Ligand SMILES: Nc1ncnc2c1ncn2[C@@H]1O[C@H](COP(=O)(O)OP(=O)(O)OP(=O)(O)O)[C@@H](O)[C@H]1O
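Let's start with one chain on its own, the form predicted on its own, as structure tokens.
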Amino acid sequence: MELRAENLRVTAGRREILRGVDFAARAGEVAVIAGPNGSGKTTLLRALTGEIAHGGRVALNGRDCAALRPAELALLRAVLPQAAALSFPFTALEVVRLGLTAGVPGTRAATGRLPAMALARVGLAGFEGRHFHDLSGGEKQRVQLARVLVQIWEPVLDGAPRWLFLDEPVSALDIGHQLQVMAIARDYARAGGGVVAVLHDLNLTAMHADRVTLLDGGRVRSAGTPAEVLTDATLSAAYHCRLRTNTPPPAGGPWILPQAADHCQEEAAE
């Protein structure tokens, strides 16, 4: 099963942010949305999850998302935004408990142990009683990830994959926790779920993505495997500076280094 979007268009005033974007992601894989600042990455994620008005069609597991009730969507997918404001003095455990979804048979939610298990999964065991506002930026980000995981803890429900949507999930994290979060995403996909993540880090993308969609100026510049998308020519054109991909042993995946950054192109994106 898959997530499929066709001809997505989003406008803000007279500005067209997404210009007829097609997107696909398969269960069992990590799909990364990459691209320069302002290319439409977060807008695409928010259109895929129905958070903003858009033209075009989005289908999840073969069902038109526009026809699904909010409660049905909550059982199928969970969304981690870039930032989540919190006005109340909740503890970390109380924040994570917000993700519990009622009416799901066969999950551990009924036992009451799931929120603590999710905190442990993101490396925050023992933080249950800590107040959210007292945490560091990276700790807050991982608490919110635990909340999202609780919502769809089991990657497959009644034979259908469930989906994680992650908007820059490693932006406030050190390298160790970045790798931890990406491992969580890969484990979720390998267990049968689907993962769609917005990432800025091209090397993390190369390491962990099964499929990459590279946006540029509100359009898809390239889509495919990391090896197909993360090439010298494609990246240099999208980011308007000279980039070079390399292949380190033993994994054989691409990794990216900026070359002659002072020669960045000044012309506007297409």
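Numbering starts at 1 and runs along the sequence shown. What you see is a predicted model; the values in this text were computed from it and never measured.
Another form, the form predicted together with this ligand, is not on view; read the next lines as being about it.
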Among 54 to 62, 229 to 237, 39 to 47, 22 to 30, which stretch sits within 4.5 Å of this ligand in the model of the complex, heavy atoms only?
39 to 47
Interface membership of S136, this ligand in the model of the complex, 4.5 Å heavy atom rule:
no
Should R190 be counted as a contact of this ligand in the model of the complex, where contact means heavy atoms within 4.5 Å?
no
Any chance E168 has a heavy atom within 4.5 Å of this ligand in the model of the complex?
yes
In the model of the complex, is there a heavy atom of this ligand that lies within 4.5 Å of any heavy atom of H200, even though the partner is absent here?
yes
In sequence order, the residues of 1 to 33 that place a heavy atom within 4.5 Å of this ligand in the model of the complex are A12, R15, I17
